[in-house]
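The chain below stands alone and is given in structure tokens; this is the form predicted on its own.
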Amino acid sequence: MVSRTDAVTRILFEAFSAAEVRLFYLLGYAAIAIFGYGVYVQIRKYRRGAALKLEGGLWARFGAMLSSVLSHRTIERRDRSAGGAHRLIFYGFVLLFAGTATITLEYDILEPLFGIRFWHGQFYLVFSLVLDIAGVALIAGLAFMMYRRGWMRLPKLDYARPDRVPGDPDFDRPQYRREDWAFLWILLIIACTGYVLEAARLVWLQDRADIWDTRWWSPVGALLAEGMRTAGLGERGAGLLRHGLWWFHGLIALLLIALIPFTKVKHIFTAAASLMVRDPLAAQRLPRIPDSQEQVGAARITDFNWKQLLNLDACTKCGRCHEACPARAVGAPLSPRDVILSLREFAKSTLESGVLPDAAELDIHGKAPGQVAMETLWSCRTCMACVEICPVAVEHVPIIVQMRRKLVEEGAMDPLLTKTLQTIHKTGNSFGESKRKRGAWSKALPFPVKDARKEPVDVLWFVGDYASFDPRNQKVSQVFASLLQEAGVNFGILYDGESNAGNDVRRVGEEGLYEVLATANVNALAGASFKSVVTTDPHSYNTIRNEYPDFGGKYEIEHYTTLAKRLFTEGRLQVTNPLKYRVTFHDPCHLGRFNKGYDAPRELLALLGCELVEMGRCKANSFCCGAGGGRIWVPDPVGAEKPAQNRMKEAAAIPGLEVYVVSCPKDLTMFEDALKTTGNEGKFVVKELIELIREAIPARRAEEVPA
């Protein structure tokens, strides 16, 4: 004898005519056909981009993507409430979609073809309970996202653009707000009507014991059914309501499926694909220009590779890059989000049509809708704050640099930047000094600094431009050299064999000059005898570590903070004068965000006896000094706030701050200037970490220093 529980199930088309069933399937196939065509259009668009071969195994990439998607760790970073709400929406939607797919699997495939049925009895009841809970999660997540957009009105969700002015056709993009709200409302309507539909069905079939007695396995639907009965809804009325609502619910769901490739909904697929093809060294290691490429940089939308076109569609407009960008924070005409959205709009209008437009119509440089202005591109500090925070692995910096390469090729840049690049090409440094003077700072030392080209050394110090030629940074170089000498480190430098490392030259977009510099340095290093490389310049550290291997130069290299930490650990350096300073530490972009060098500087400060007070924006969220991407060579607009000034104001809010600590020559230059221009001179000082080490270890007499 079959129990009521064993018999319970749901007949999908109960009380529907054969014509209605045929109509529904016809509409379903039409929705799938539209979806399929949309997928084809998107793939065709990506294929119109340049070719690109990915590194790494497919399954490893898939596993990394799946881990990110299921854990939601990239979405939760620095916005836990949004991450939590998105998790509810994601898992609620996935479970409801899986439930629908399960029903389809039995109803349309397994039962008619193989006579297999499982959607009944205890499985059906548990299935119903799980989907009820999933629906609640989905609605809760959607409700919070609506509250967040409608009432919290977060600045990062404002689509007004810093690179446009009111009146421009693409100034605030109202279509995006409409799309966002439509997406939320459609999902909410589907979820809510599903519950009402369930409740109407229960009231309609309340005389069937197998349905009514098991109604609490669908708790939300059962509560609504009790409310309907209390309100006087009878079986006949419930049947009519259920019939009409079934069609409404079904048509909305089919419409959503059909529109996925053409609307925001496609981020379900493009975001996952973007995470799967992400480059973990996207900004740290910029790509070389292939020998087969006729032109330099990106002039047209088709000059981007297929992965970059995919990145454009992956953007969810969450505004995190917009919020993190130091250029935008100080009023520059740049938002990484808006660069991506502009290019997305341009790709949509030009690459999704059946016929590819003429080359002139594919130009992405300019101020027309979908184009990116020169001023916008030159505002970027290439600090990677946008790439680091993006939850869907959009790689903004390589896209911006690729467009800059075209501007450099055409000479469309600030005259001072042009002059600096010419100076570097002529002299090998940005100061225009003779190469013979590169090691002149060492002459003031009481000991000779070895020339690593002439005698073997254990550690080769790649000094860098600012540490070699800037008078303020030369003093720091002299201190570091004395510390190495006192610790008994066998070190040397390249003297006039060293050239500008090229990190910022490359991020300016001058790829040809970068390759000249990188090749020259690799050749110079090949002519020296050493075991490892150290540098006090994070910019040099980044390019030597991540980009020189492409030019045949692979070295064991470290930033000075890790070397100094090791010298303390080995007892070769010892604190004899503990410092009692209240300090804060600025994470250099190229040491921190680029290369995850967060710990060593902080461990050194602790060893020195300093009290470290972190700024709100620190470590991965550190705020760029403004020097990166060649911006140290380009003057900021008169009267405009500089990123370094913005940062100095943040530090000044720390009670009792005595020292603002840096570990980068460019940071020292930028922040000492900002200290004065923000009116904070005399309140605290800016010092290199090397200088604090010197204070904690008073210089030894000459006879005490190892020979």
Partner chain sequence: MKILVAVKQVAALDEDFAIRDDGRDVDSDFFIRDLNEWDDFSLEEAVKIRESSAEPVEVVVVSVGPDEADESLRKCLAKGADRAIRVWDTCIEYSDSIAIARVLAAVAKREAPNMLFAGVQSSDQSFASTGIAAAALLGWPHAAVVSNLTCTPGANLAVFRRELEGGLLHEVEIQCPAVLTIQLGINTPRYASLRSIKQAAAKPIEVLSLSDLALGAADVGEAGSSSRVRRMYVPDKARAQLIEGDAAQQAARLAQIIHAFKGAAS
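Residue numbers count along the first chain shown, from 1. Just so we're clear, the structure is a prediction, and the values are computed from it rather than from any experiment.
What comes next is about the form predicted in complex with the partner chain, which is not displayed.
- Among 534, 421, 191, 324, the residue placing a heavy atom within 4.5 Å of the partner chain in the model of the complex is 421.
- Scanning 84, 370, 162, 512 against the partner chain in the model of the complex with a 4.5 Å heavy atom cut-off leaves one residue, 512.
- The stretch that touches the partner chain in the model of the complex, counting heavy atoms within 4.5 Å, is 404-412, out of 199-207, 404-412, 349-357, 580-588.
- The closest non-hydrogen atom of residue 104 lies beyond 4.5 Å of the partner chain in the model of the complex.
- Interface membership of residue 73, defined by any non-hydrogen atom within 4.5 Å of the partner chain in the model of the complex, is ruled out.
- Contact check for residue 178: no non-hydrogen atom falls within 4.5 Å of the partner chain in the model of the complex.
- When the partner chain is considered in the model of the complex, residue 290 lines it closely, a heavy atom lying within 4.5 Å.
- Shown here without its partner, the chain carries 19, 236 and 243, none of which come within 4.5 Å of the partner chain in the model of the complex through any heavy atom.
- Contacts with the partner chain in the model of the complex, taken as any heavy atom within 4.5 Å, map within 293-311 to 293, 294, 296.
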